[in-house]
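Next up: just one chain, as structure tokens, the form predicted alone.
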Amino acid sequence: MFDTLLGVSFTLLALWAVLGTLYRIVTWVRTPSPLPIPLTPAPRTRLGVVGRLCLEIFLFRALARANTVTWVASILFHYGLLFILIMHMRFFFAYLPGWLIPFVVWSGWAVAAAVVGLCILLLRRIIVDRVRYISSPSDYLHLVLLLCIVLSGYALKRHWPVNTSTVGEFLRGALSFQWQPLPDGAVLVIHLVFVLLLFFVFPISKLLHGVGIVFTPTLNQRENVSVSVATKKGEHSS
């Protein structure tokens, strides 16, 4: 009974996370941006805008210019978590694909990177006055929740291992509406509960900023070349 309840909860909250995220994206797409407000210096071509967005999404360029320590912590956390998420794709296959083996082997280093990055970001919100002043309770809770997920997952792998094949059957069943039993293990249940909490808060929290940055007018707009030329002519004539 408990396995079925947990499986149904996983199904419903996974759907909530996906549909909630799609709803936010549709809302952003339909939100008009009538004013040209690109952050200067802005690119003048669409390809330049794409390059600028890629630098922000994958390298956090603006953050690197603002604060090196925070940038390093963010890189460690985000890429460590990405590595871990790719490793978890093993549960979607009945047999472990060869291309996933390096991610499984090096997952311990990814966990270490994610934990170090999260701890630095959490300490920054506690110690730095100006950051603490603008931080809301949810900012702390999101970081703590992510730490709990990563640490409980590491504990599962190193100290309380479970049958990964059965876990894979449970997850695949939950996503295909064919719910399967979950292996026994209190730490596994705790880990899944933390993941379900993340599914619930993701579409309605700041955690969606990775998607939202694409729709930020200051970053996705080109410089208005005609206005720039007119301004320069006015300067020369005066």
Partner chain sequence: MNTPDVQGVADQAQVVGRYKVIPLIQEGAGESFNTAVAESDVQESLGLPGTLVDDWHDKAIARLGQLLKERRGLRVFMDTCTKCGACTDKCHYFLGTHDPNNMPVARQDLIRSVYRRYFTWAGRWFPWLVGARKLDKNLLQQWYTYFHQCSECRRCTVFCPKGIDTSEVTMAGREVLASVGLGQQYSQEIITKVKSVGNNLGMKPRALADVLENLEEDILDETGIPVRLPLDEEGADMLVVTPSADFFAEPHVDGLIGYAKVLHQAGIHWTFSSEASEAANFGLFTGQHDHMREIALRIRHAAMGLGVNRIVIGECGHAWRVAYSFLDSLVGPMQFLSKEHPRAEHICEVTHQLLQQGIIQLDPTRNEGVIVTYHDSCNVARGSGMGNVANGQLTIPRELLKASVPGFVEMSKDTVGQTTFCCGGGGGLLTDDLMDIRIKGSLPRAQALQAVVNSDQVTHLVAICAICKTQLSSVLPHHNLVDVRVTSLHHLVGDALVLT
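Everything quoted here is computed from the prediction, not taken from an experiment. Positions refer to the first chain, counted from 1.
Here the subject shifts to the form predicted together with its partner chain, a form of this protein not shown in this document.
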Query raised in the report: Thinking of 29, 66 and 129 as one candidate spot, does its partner chain come within 4.5 Å of a heavy atom in every one of them in the predicted complex?
Result: yes
Requested in this report: Find out whether any non-hydrogen atom of residue 133 is located within 4.5 angstroms of its partner chain in the predicted complex, and reply yes or no.
Outcome: yes
**Report entry** Contact label in the predicted complex: residue 33 to its partner chain, heavy atom within 4.5 Å
**Finding:** yes
Query - its partner chain contact in the predicted complex: residue 89, any heavy atom under 4.5 Å - result: no
Requested in this report: Answer for residue 165 alone: is it within 4.5 Å of its partner chain in the predicted complex, judged on heavy atom distances?
Outcome: no
Requested in this report: Have a look at 94-102, 108-116, 135-143, 154-162 and name the one stretch with heavy atoms inside 4.5 Å of its partner chain in the predicted complex.
Outcome: 135-143
